[in-house]
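Consider the single chain below, provided in structure tokens and representing the form predicted on its own.
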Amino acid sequence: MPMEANSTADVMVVPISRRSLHEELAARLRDMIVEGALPAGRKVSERELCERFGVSRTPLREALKVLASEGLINLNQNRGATVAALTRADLEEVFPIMGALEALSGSLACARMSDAEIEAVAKLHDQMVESFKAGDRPTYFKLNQAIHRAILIGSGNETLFATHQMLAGRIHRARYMANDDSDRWRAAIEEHEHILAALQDRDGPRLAVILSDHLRNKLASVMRHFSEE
């Protein structure tokens, strides 16, 4: 089943030539899924994606395996790959766990991040605010995720980071979807102001609460989206 034109055919993409080819492919496909270019239930056309990115089937299939491990792709031996559906059950199960992990990462990061690392987060935050003002959701989302990732790395806990990454794919789309609501998007920016302030103050308990509430508010927004559908 070929993909619709707006999913693969009408956007010019420079072929990938990096060494970690399947990882780069996974990143690009992940963005397409998160941003809705590859919607839930869509059958993945290996031929069209190979042509789009200028790669062979081997690295593409490795990339699909990575996305399958994250819960973004379903692999079926007879039917090929399809984009996994996002369900209420998934969100209700994973969001509280992610909230707890991010709360712990914030608490640890306040104690362990260097001043330079916190300043780097502040710069990402400023860029994210500019993207919000410009209404650039894809760039905003990437910067938003970079901030959360920096805090996770700043926790200095490899097990925490690996556990978070294992679950993150299942809610990337939901976090992106939450910003469809302009009021929620504005509220998210305000919450990020508080996140940055708590990190700069190195107030671990306060940052833990803010990060947990931040995830809870996103879940509520996504659930409203499901109800409207």
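Because the structure is predicted, anything quoted here is derived from the model rather than measured. If you superpose the two forms and keep the largest set of C-alpha atoms that fall within 1.5 Å, you have the rigid core. Residue numbers here begin at 1 and follow the sequence given.
Keep in mind the form predicted together with another copy of the chain is missing from the figure; the text below concerns it.
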item: Listed residue (V129, A122, A111, A100) with a non-hydrogen atom within 4.5 angstroms of another copy of the chain in the predicted complex; value: A100
item: Position in contact with another copy of the chain when the complex is considered in the predicted complex, options I195, L160, M177, V55, heavy atoms within 4.5 Å; value: L160
item: Any non-hydrogen atom of P138 within 4.5 angstroms of another copy of the chain in the predicted complex; value: no
item: 4.5 Å heavy atom contact, E93 to another copy of the chain in the predicted complex; value: yes
item: 4.5 Å heavy atom contact, H214 to another copy of the chain in the predicted complex; value: no
item: V66, heavy atom within 4.5 angstroms of another copy of the chain in the predicted complex; value: yes
item: Contact stretch among 182-190, 166-174, 33-41, 198-206 - heavy atom within 4.5 Å of another copy of the chain in the predicted complex; value: 166-174
item: Post core alignment: L91 C-alpha displaced by 2 Å or more between this form and the one not shown; value: no
item: Rigid-core frame, C-alpha of K65, shift of 2 angstroms or more between this form and the one not shown; value: yes
item: In the predicted complex, shift in Cα separation for Q145 relative to L67, 3 Å or more; value: farther
